[in-house]
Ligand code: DLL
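Quick heads-up: it's one chain on its own, the form predicted on its own, in structure tokens.
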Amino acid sequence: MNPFKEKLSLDAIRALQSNRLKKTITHAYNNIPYQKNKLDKAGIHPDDIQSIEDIHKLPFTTKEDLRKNYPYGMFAVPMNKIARIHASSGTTGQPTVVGYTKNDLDVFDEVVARSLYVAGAREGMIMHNAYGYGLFTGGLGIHGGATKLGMAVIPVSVGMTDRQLTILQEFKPDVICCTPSYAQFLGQEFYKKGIDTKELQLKYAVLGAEPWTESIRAQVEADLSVKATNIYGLSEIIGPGVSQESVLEQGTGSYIWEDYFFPEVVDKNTGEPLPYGEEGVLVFTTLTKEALPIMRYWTNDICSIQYDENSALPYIKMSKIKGRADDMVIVRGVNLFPTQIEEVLADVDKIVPNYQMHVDRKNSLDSICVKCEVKQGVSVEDKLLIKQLQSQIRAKIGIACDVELTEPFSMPESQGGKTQRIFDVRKI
């Protein structure tokens, strides 16, 4: 199966977006009282939306809107039309609940199949799916798209790492899907067991659910003997498969399937739309969702979007996620994302990209300590290395900090889920 047999022109995409947006807004207005009230308060009627150019007239939707309407208040169809229900973990508050009609699930399968295809997967390949199955959208979302593409899926899910290592050796999958931190962990476990990953069948790793950098890509590719690409998604929009990096265009951004999800980047303070190439908060509007149509969803993810004239496909690309607006910490007036620390560590040979950033307040002053895991054979008492790291962090980020070196494999490892990097205890 080739999901790109018919390639749309940009003009055709714009016409499709306009038609789908009008239908979506009318559907939401007529079937979700909360959304109708929100549009009425903003002085907007569906008739005011005549093309995709009018999207900026619409108010934003936030996670708080979904939580206020927990569990089903944002659904636009009756429950007898709902084919599946997922929810967020709820670790930072009440979970957000999302629903899908059969048509929504068909779209879900389509965009994931597209994503896997540009990541290198093909019909007849075997996939090792190490995303969690259950309320989290990752496991079943990837599974459905892989099945549509014509792949055989091994539904391993998360955890039980020894079993994962055995399956990777004996079942001979071509593709692995998991979080980047878990891919790192699997590579380290193979190394500790003395297993040469070049003897595996693996060719591609499709990694997502958390921000990661080029240094992590390099480590995963070396440790697992694969080509690694980024898949992006969020349950409120559909799940994984909102965008995908091409294995042939690594490092140039990830295609957004904008015939289904319209992207914007806006100023995080004012909400004003930003030009292509400028960094801000990523916002999405769903264009075909029946069960949960979402207008201008404020993702909190920080990135930029722009068209690449050298791309093989006509879709817009998003940059790697720099971080989340709500994950950003301000230390002594400096805006700081975890990935900025990671980029500094990537330039230091004696360090592996496994770290933590601890922020505290001492004597009324903010303080930061970066804990870095050293490579095997490197002493944690290496004072020259500590000074080097402190100097490079100050030079590249503009902040002074303490550095603590930790033993190899001493940092908490991912067991398939997201890895926490920031520990800010100033609020405690």
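Numbering starts at 1 and follows the sequence shown. Remember, it's a predicted structure, so these values are computed and weren't measured experimentally.
The form predicted in complex with the named molecule is left out here; the points below concern that form.
Here the chain stands alone, but in the predicted bound form its contact with the named molecule, taken as any heavy atom within 4.5 Å, falls in 133-141 among 260-268, 189-197, 245-253, 133-141.
In terms of contact with the named molecule in the predicted bound form, the residue from 234, 158, 228, 127 that brings a heavy atom within 4.5 Å is 234. Scanning 287, 168, 119, 321 against the named molecule in the predicted bound form with a 4.5 Å heavy atom cut-off leaves one residue, 321. Proximity of residue 184 to the named molecule in the predicted bound form: non-hydrogen atoms within 4.5 Å are absent; the residue sits far from the partner. Residue contact check for residue 208: one or more of its heavy atoms lie within 4.5 Å of the named molecule in the predicted bound form. Although the partner is absent from this view, residue 301 contacts the named molecule in the predicted bound form, with a non-hydrogen atom inside 4.5 angstroms. The named molecule is not shown here, and in the predicted bound form it never comes within 4.5 Å of any heavy atom of residue 164. If you take 239-277 and check each residue for a heavy atom within 4.5 Å of the named molecule in the predicted bound form, you get 239, 240, in sequence order.
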